[in-house]
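Just one chain is shown here, as structure tokens, and it is the form predicted alone.
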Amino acid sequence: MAKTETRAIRAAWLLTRMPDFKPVLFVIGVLLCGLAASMALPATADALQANPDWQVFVFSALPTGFVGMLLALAYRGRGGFTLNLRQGFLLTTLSWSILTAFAALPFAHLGDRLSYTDAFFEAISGLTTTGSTVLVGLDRLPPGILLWRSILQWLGGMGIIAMAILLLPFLRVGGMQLFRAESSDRSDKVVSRPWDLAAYIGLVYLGLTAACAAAYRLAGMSGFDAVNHAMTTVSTGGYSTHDASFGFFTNSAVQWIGIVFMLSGSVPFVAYIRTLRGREPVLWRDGQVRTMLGIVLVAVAALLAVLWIGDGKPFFDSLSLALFNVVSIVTTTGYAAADYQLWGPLSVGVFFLLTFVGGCTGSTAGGIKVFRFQVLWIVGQSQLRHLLQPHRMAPMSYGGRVLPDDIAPSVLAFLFAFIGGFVALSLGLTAFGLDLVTSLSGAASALANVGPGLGAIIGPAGTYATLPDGAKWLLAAGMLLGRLELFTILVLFQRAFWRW
């Protein structure tokens, strides 16, 4: 009897040490209600075209909104609340996972076209702005489904920016604390309050999307194509309304507009706000932006040597193709204007390496991120100086500021986890019978949220439709891991996390 009482007391004590789920579920409920409301847009698009598929979104919005309201109303807290560290990690992972499960419903209701596995894959690829797709015949799909894919990427891009600027710096994930918007130094604050920062981010994001849509329309896109591609360009998502992606558009002006706004989406959004609120061109002085542009120029120069000098294509056509595809991969957008696998082995190697780079932190882009490569370079330089002058004490600095002691280990740990995840994901894909090129490029594309891989199956001219279901679930997990910066999810598997 004593042992039973002891176990009961211990179980009750452990329950009191568990994280409080109520605030987390409340936020998820509010987000689900917002997701249900956003389904009205594609439903309207179908209804205006007299397409019966508008019912798909109504039947999907009802359970989404119902569950969202239940979760929101279940919270009995009075007034506001704040989330602690554990709740922040839990909210980040659960919100992306649960929203994806409900965002997949419109795809799953498309008759016999998609299984729920395919629907979930398409939804998580959209929300994580990866851009990998299992859909074929995009030119013949209902407008509502095409618009829903674009909306998911647009919402995912906004969520990524908010997570990277407002949440991850405080969770100290992979060196993100270096970009904490609310500094202890008042002169370093972007704006006075976090909610003001979120409002500025939203306005900049919306402004860039509207400008991109207007530019596409003026360049000759239809209004529907312009709106959809604007949402997936600024969010660096890469979903298109056509199977041929940007290869569908023969107007080179469309490609150059895409280049400009893909780069715009991969720039730190805090830099936009500083530029708009200040007198100095902060955007052009940002070290990440300069480094990213440098990587793009080097890669374009290498591909120009292949296309212009090697293959004898016209210079302007070679420049346009090389720049568009390089920017698409570096910014992790994933549009394709041509099948670059046909450009030769050097081009394939260049694009595979570019898959890992990613854009700037605090942007919509995925990948390892430019600033982590910068920190890695700084650590390497510091180690070399230490070997030459062992007794010299020189602190490492980034952007004119001394790097905090925890930044370098945090970045190195992230890179180790990324490489480990890449190896594990690649081996897992080979276990499902995929060839080595497909497995390696698919794993890299999922973790870096790029979209297209390499090879005949998932290359720029292919889709993920024919992959085994197990491989799709594995890639979906990789997309979520990469989008949430790995440690945000991996920490949930620590026993200490579940003890308050």
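For clarity, every value in this text was computed on a predicted model and none was experimentally measured. The first residue of the shown sequence is 1; numbering continues from there.
Keep in mind the form predicted together with a further copy of the same chain is missing from the figure; the text below concerns it.
Mapping the unseen interface onto this chain, F89 counts among the residues with a heavy atom inside 4.5 Å of a further copy of the same chain in the predicted bound form. Of the heavy atoms in Y116, none are within 4.5 Å of a further copy of the same chain in the predicted bound form. Though the partner is left out of this view, G349 does reach within 4.5 Å of a further copy of the same chain in the predicted bound form, counting heavy atoms only. Proximity of L454 to a further copy of the same chain in the predicted bound form falls within the 4.5 Å heavy atom cutoff. For the options F416, F315, F224, W256, the residue carrying a heavy atom within 4.5 angstroms of a further copy of the same chain in the predicted bound form is F416.
Between a further copy of the same chain and the residues A465, A40, A431, L48, the one pair within 4.5 Å by heavy atoms in the predicted bound form involves A431.
Partner contact region in the predicted bound form: 339-347, out of 317-325, 339-347, 144-152, 125-133, criterion any non-hydrogen atom within 4.5 Å of a further copy of the same chain. Shown here without a further copy of the same chain, the chain has W377, V379, G380, Q383, L384, R385, H386, L387, L388, P390 in 377-391 lying with a heavy atom within 4.5 Å of that partner in the predicted bound form.
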